[in-house]
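Next comes just one chain, in structure tokens: the form predicted on its own.
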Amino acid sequence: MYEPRPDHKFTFGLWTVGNVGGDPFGGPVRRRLSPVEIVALLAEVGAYGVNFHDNDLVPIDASWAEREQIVSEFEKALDETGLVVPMATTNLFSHPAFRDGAFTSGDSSVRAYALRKTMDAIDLGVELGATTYVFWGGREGVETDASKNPVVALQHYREAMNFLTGYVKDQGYDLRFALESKPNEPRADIYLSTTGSMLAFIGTLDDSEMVGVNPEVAHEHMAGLNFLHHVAQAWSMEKLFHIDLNDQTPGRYDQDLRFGSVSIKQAFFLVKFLEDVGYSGSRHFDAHAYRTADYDDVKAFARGCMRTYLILKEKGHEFNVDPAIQALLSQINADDGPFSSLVGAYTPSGAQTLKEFEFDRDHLGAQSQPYEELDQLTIDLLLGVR
């Protein structure tokens, strides 16, 4: 029941299962795999697709001939395994040129290079089949607000997005942009730090219909926020173009843990929401195996991400048909009052009716709301005792 299938649309990035386990306090602990080897690993564990930053696939200093050879070998591996490339992105954070931002840099030469690098990366992504392009502005921020005017920096960011949507339209590409937020790390403070900030920013763009969001579990949990609420907001605005699944202990550095390995109840409600609303995009696992893992354990990590999602999907179905849970939900959400026709769209007569009605506050405050019982039934279900 918990074996992944192509229709589940489980994807991983080259940088996820290919992570070599280095951190600020220690070097790599695993051999670096080639993109072709990573495709083979993902095919072995049952993934649907593979995503990449431009330089995950083609080194930043590769010649055109080297690029063509690498891409040809990668395409051959995709053909042999059946994996697809739903999403691509650009590395605008590793090279020292971007140490003070890419699109928000105060140096127009840096901004110009960032645009050139992104256009080339978009061409590469589209060549390999990507229909979603993610932007994570890991260096778009500051350590000190003395260094930049945030209004000017965000105007530069806006100009870059407008330029690139214009490029995509001019090329006739079937491609949508998904913007990814994060509160901090590697910068002390990153601009547009939450999904809500990104959604507001998108509304200021010239081609806002082409641009949505790519929320990530860890990035919202780093700030102590409720990830489900941000996903629901994006979905309600028809802006949930992509999603990054992992796990995170609130208040810590960006951990990118195996999906569902820390916050199982939050992961349950997220999976249930995605399945209930019929989200049809990729379920992308932007996570890393523990530094202690060898590649056999990396495979266990990847299988675990997908298995946990499928278990929680099944639990969501059980929640939706559980008689006791549904009876409580019916009781809690019962609306037999006379006001359902008055609390939607404004009408003068409706407003007047509300102003004249004598509400019984004490009665309203005494309504039964058995959330403790409902939550415990949810816990029982997740723990397998229902």
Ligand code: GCO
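The shown structure was predicted, so the numbers you read here are calculated from the model rather than taken from an experiment. A residue's number is simply how far along the shown sequence it sits, counting from 1.
What comes next is about the form predicted in complex with ligand GCO, which does not appear here.
In summary, the region of this chain contacting ligand GCO in the model of the complex, judged by heavy atoms within 4.5 Å and restricted to 85-93, 191-199, 310-318, 139-147, corresponds to 85-93. The closest non-hydrogen atom of Asp254 lies within 4.5 Å of ligand GCO in the model of the complex.
Arg283 falls outside the set of residues with a heavy atom inside 4.5 Å of ligand GCO in the model of the complex.
Within 4.5 Å of any heavy atom of ligand GCO in the model of the complex lies no heavy atom of Lys239. Within this chain, His53 lines the site of ligand GCO in the model of the complex, having a heavy atom no more than 4.5 Å away. Shown here without ligand GCO, the chain has Glu180, Lys182 in 178-203 lying with a heavy atom within 4.5 Å of that partner in the model of the complex.
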